[in-house]
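Below you'll find only one chain, the form predicted alone, shown as structure tokens.
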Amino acid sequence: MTVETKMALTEQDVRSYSAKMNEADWMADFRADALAKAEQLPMPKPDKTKIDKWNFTEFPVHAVESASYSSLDELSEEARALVDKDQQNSIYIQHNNTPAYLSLSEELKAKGVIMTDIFTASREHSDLVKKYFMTDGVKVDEHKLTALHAALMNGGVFVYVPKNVVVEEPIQVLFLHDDEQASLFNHVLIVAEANSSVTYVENYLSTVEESKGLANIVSEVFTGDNAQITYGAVDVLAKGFTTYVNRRGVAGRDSRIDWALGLMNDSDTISESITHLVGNGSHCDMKTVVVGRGKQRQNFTTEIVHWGMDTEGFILKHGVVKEESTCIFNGIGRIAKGATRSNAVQESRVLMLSEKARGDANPILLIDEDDVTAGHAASVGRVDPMQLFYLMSRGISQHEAERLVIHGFLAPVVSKLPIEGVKKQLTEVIERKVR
């Protein structure tokens, strides 16, 4: 059974927006078709979280035009603090829904590396974008929110690394949100061809206290044979958003996709992080840290699907919930028939800091092959009173003792994040959220 939903925009609206952004002609048709599907497709059904009363379709305006930057010095102090001073040659900044700043080194350009906003990419690199955009990664017709994303996309970035090119320094992208009316329908598309590698670091930063918009964010990551992508992200979106995040990876033969995710939003959030290990010998490592507070409701599904032989997938998630927030961790290791000698391992742990906080960790193994290795661990619990007592007996206040326990609980994940910049930023955000 499908449920009809009144869309905020019409087909003419999305076609007009596509024309305004000077996209490729095929993108306008793509948007219109997705909008028609969004009206009929059902909502996703995240396990143990009811979202039937969440607002995913109504927002003040579709796109907000904001200022561009001629120099990084024009950024606010808070935004400038996120920019790696040693990596300023390869950076893209989106200001609300406006492509605001782009810098890519001449050396990378000469090697064929592409980094540009998603609108320009659809026009200037049309064949590449059309090949990967919502085809083998996230599908338009998965459910209402993926279709809605395709129809209303109002920002994003395209990164392409050709064969045999190794990008030594991380590429950084900052999505800056400082207008309470703005909604974020961002699409990130990253492609690393055979024998290439790149590290991509992404920040979502809200500098308003509360938002009136929606966040419907999709990332698609593709590795060719023997390629590697390391994807680091720290999400800090304001209270008031209804947030849907879908990050999807597709790995080729002997390739690797590593995720280092700090999910620090203050908004109600549904998150899906799914990687398909398609090629033989492919590898995925997912590390996620979450802090929930206030009355937040959050649901995180992390899944690695093994299709190829000799594939390896590792999931590590630690979450802290305080006050009246709730957090659901769904970890799925799926080994398909024929994926012999695959290895699926996961660990999910939730720490509850108050009587009204609620956490749940659901490890799931779905195995259709015999010659494999698989395992899981999960725990949900409260702060150990003996730990607090020990610290307080040394003259440490209860508040400071709780803070130290939280950092200690998250440290096994934070310390293993492969990107130093992400690790530093995440530590600072955690400190703000638990103080």
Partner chain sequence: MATLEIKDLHVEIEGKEILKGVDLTINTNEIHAIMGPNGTGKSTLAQAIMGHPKYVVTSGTITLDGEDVLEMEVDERARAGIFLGMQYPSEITGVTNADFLRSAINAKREEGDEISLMKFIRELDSKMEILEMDEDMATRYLNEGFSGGEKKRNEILQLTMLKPKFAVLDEIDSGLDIDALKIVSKGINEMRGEDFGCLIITHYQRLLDYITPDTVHVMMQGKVVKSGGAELAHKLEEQGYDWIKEELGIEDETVGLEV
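Numbering follows the first chain given and starts at 1. Since this is a predicted model, take the numbers as computed values, not measurements. Throughout, rigid core stands for the largest set of C-alpha atoms superposing within 1.5 Å between the two forms.
The form predicted together with its partner chain is left out here; the points below concern that form.
Annotated contact segment (heavy atom within 4.5 Å of its partner chain in the predicted bound form): 406-414, selected among 406-414, 63-71, 42-50, 369-377. Among residues of the shown chain, residue 390 is one whose heavy atoms approach its partner chain to within 4.5 Å in the predicted bound form. Contact check for residue 33: every heavy atom lies farther than 4.5 Å from its partner chain in the predicted bound form. The closest non-hydrogen atom of residue 55 lies beyond 4.5 Å of its partner chain in the predicted bound form. Using a 4.5 Å cutoff between non-hydrogen atoms, residue 383 does not count as a contact of its partner chain in the predicted bound form.
The Cα shift for residue 413 between the shown form and the other one, taken after rigid core superposition, is 2 angstroms or larger. Residue 398: CA moves 2 Å or more between the shown form and the other one after rigid-core fitting.
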